[in-house]
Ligand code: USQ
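What follows is one chain in structure tokens, specifically the form predicted on its own.
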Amino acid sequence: MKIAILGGDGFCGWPTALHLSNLGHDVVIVDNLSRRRIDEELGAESLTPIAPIEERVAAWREVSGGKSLEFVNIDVAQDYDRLLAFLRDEGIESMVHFAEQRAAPYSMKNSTTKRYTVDNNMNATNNVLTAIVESGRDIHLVHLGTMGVYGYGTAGMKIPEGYLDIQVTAREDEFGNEVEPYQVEQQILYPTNPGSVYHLTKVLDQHLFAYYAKNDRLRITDLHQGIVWGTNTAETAMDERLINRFDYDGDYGTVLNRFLMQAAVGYPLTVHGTGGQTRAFIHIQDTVRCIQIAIENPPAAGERVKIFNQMTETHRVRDLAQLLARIADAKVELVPNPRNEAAENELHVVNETFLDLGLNPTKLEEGLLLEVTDIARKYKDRADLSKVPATSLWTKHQHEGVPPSIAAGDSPAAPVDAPAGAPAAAPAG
């Protein structure tokens, strides 16, 4: 199958491209290398050494014995004509869409990053959908979304996979005449509650997908993914030139990567607030396997968007810190939370689809020690500890130094002090 990986130079895109190539597919990476430019903007490189894209591609061909992998530099958010020509000329059959700015803290950094995140993500998605329609090709689009579209409040039930069955009590007929109350059953997209501008763009993606699936009969699968942990897959571990990204900085480093870095360099594992935020997790090897499964099980033309919850387990941040502390002999400390979120939340998620289709998940307890020893400690000398603090604040009040409790009209809470010399807290994803 001819598969395009949009954003194939990134953390999820690169191992996905190698995995699908290794399965025998004809894979083309489409990327404008914006993630590398953001590294330069932030002055924060991956902990693992990332080779230039041309060297990466050449190394894969060498290591894999000549399996198919190409790279094309196209900005899908801005260069619509080249994207359309690419789809027509290359005979693309499936497309995996990673080509979005993926960090919640970066999207909240300032007005420039907020605007960039919306401009890039929404233009990219709409251009992709429009180009599929205009190309006339029957392309199955697989999109990497996020569990964050659901929000992190307590739902009182397991969050379903994208759609919610509801009952509405009606008291009028279709002509407006009052009648005895009766129940109308419907199925709707699960109500969204995004926690950042980044998450908001993924909510807007959902509605674009629903429209194009209905109006143009596009075949679309949307994967609501949890926080990805782990660095390497079977393919990226074959040669150091193929190694995957490990982001640990305050904008792109997710909670687990930042804990791993702190453990590797001997700092306490710093936890936001009470650490009561519950998050969904999935290993990077399971991510690429889920994308493979999604490609192999497309919806039919005219079918509504398939939505899968792409996660394998949930953990509270403080429990995750304690787990890693036991493994790595590290300490845990609490610091103030820069995010605008509840101090405690539950998260129960339906994820049966991928399990029923054969996913055999990698559990955190099985792989964390390997990440500490083989990645974080091996490359710790590349770390710039000045980039570890999480400096992106979620609200105007926080930028003005007003605690969230006071901004909301509550009594001020007692501050939680960070240990001397420790980096700021790890964001929850």
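Keep in mind that what you see is a predicted model, and the values were worked out from it rather than measured. Numbering starts at 1 and runs along the sequence shown.
Beyond the structure shown, there is the form predicted in complex with the ligand, which is absent from this document and is the topic of what follows.
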property: Interface membership of H140, the ligand in the model of the complex, 4.5 Å heavy atom rule; result: no
property: Residue contact check: V271 to the ligand in the model of the complex, 4.5 Å heavy atom; result: yes
property: Residue contact check: T146 to the ligand in the model of the complex, 4.5 Å heavy atom; result: yes
property: F354: touches the ligand in the model of the complex, heavy atom cutoff 4.5 angstroms; result: no
property: Heavy atom contact within 4.5 Å of the ligand in the model of the complex, the stretch among 174-182, 214-222, 130-138, 191-199; result: 191-199
property: Candidate spot T254, Q277 and N337, all three touching the ligand in the model of the complex (heavy atom, 4.5 Å); result: yes
property: Interface residue in the model of the complex among A104, I92, A263, C290, criterion: non-hydrogen atom within 4.5 angstroms of the ligand; result: A104
property: Contact residue in the model of the complex, chosen from L242, A294, A328, I227 - any heavy atom within 4.5 Å of the ligand; result: I227
